[in-house]
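Only one chain is included here, represented as structure tokens and corresponding to the form predicted alone.
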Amino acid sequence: MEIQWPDHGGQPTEMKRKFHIEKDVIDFSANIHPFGPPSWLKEALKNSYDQISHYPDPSYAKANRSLAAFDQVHDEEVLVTNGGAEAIFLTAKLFEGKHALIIQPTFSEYERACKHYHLEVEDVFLHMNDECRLPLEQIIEQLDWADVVFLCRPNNPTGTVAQESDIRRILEKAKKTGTFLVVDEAFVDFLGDGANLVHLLKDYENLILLRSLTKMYAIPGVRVGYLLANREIIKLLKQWQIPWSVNAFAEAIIPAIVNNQSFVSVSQQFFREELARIREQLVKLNFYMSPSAVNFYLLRDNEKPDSTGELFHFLFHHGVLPRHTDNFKQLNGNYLRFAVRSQQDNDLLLKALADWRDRG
């Protein structure tokens, strides 16, 4: 019977049910910080408990000011959203009934949002056999047709980062064609300082940046995201945003998040070092690993490239749950995606992969 794969990772209970597995498993399928939320964030949520009896400020003024100060933009260039998903759907609404170009493989919600708002969608694909390189010339060729381009940077699922020089080339041509570039920076916090593209907003009014605070801080259940764009775009999106779509808890913790960046710095160093350690071991075991710069990566067996499905089952039954790639265009289930978890968890994964290799 054909498996009905879930659309997203982070669903170990459902996956265990589908595969009739009762033992505990380590969930490598969700790209969330493995150490959970920082303690001060828990305190911030506790301190905001009294807000449960009041409606949030519909303008989210305090949260907006905090984010604007953090990104060094004007308050009118920020829109707080119910996670990154609302930011994606609001952005798609801007181009309702028009043409969208999506750089694949990538997060499925871009296409879902575009279809919801009746956009005609075309895809261009990363050069997977060439370091997952951006198909720059193909993108530029399509700008005469496209009203909007969706790009995930860092890319999900490859973990790769398009060069800023390529982004500038796209934006320059897009100025002439009247095309907008939407860059989803949901995982940009896992890169070093200066890796985001916020400094480009002053030169390119056709740039829209999407952000999520749920990945680095391990709070997907709270739903905290925001959007950065020129003030006319923000003004328009505010008219379409559902009233009080952002709850009081999400609103309350934003100032705490932007004012406590030491957690991010320590985390960046951990992921950088752990990613390098994992890569060294996977090379020895002869597995392909995408040139990721963040907290997740694609994996494929170089010796048995057609055995990804079998590898998935082997790992799952050995207590490791990867993320399938069956619903990522171009990948078609031929890779597995893994989050970078704690060193102990990563060692268990590496041990399972070594056992797989020893099977011959």
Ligand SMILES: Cc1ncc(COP(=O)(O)O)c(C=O)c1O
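All of these numbers come straight from a predicted model, not from anything done at the bench. Position 1 is the first residue in the sequence shown; the rest follow in order.
Although it is not shown, the form predicted in complex with this ligand is what the next lines describe.
This ligand in the predicted complex comes within 4.5 Å of a heavy atom belonging to G83. The shortest heavy atom separation between Y217 and this ligand in the predicted complex exceeds 4.5 Å. Although the partner is absent here, D189 sits far enough away that none of its heavy atoms falls within 4.5 Å of this ligand in the predicted complex.
In the predicted complex, this ligand sits within 4.5 Å of a heavy atom belonging to Y110. At a distance of at most 4.5 angstroms from this ligand in the predicted complex, all three residues N156, D184 and S212 contribute at least one non-hydrogen atom. Of the residues given (A250, L171, L101, I88), I88 alone sits with a heavy atom within 4.5 Å of this ligand in the predicted complex.
Among the residues L134, I233, V224, L79, the one placing a heavy atom within 4.5 Å of this ligand in the predicted complex is V224. Residues placing heavy atoms within 4.5 Å of this ligand in the predicted complex fall in a single listed stretch, namely 102-110, out of 171-179, 102-110, 238-246, 283-291.
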